[in-house]
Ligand code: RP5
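Here you get one chain, nothing else, as structure tokens; it is the form predicted alone.
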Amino acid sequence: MADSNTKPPPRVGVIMGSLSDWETMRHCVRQLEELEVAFERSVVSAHRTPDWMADYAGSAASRGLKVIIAAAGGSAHLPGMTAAYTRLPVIGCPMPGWSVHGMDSLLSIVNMPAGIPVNTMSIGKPGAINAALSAAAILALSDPALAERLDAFRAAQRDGVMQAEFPET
């Protein structure tokens, strides 16, 4: 019998090129936590730890991961290189704050050659949150309980808009 305190195995890998990406990616992790999606997080650099990156991506499916969210700034090679080493869906998150406010990262991630897809999000916090929601949507295809939680999240967003009132003038 399983211990009730045992955490479920991670289904999403959240990786980032450096710890400086955490300020943005904490929003991704928070969204995964709110949806009760088990995840792991790690710093994996395409440039400073290429062997570790290849090992991480290459073993992800056999370790039970279903989706990888990869955040990177600057030349932003991490999402594309990760996708080259795994058959799992890879969601790329371009980081802000580089030479052209993250546009360099966005263009690097989105311009993958045919055959190595990376699902690319917007720059910064909105992209990090949407990466978590996209990973949850992928997992919800085969997880009815997660599908219900995702539906409830979307309903709460809708209700928040529908119930909003203008402030007094």
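Nothing here was measured: the structure is a model prediction, and the numbers come from that model. Residue numbers here begin at 1 and follow the sequence given.
The discussion below concerns the form predicted in complex with this ligand, not included here.
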Close approach of residue 90 to this ligand in the predicted complex, 4.5 Å, heavy atom: no
Since only the chain is shown here, I'm wondering whether residue 17 would be in contact with this ligand in the predicted complex (any heavy atom pair within 4.5 Å). yes
In the predicted complex, does residue 80 have a heavy atom within 4.5 Å of this ligand? no
Residue 101, heavy atom within 4.5 angstroms of this ligand in the predicted complex: no
At a 4.5 angstroms cut-off on non-hydrogen atoms, which residues of 49 to 75 are near this ligand in the predicted complex? List them in order. 71, 72, 73
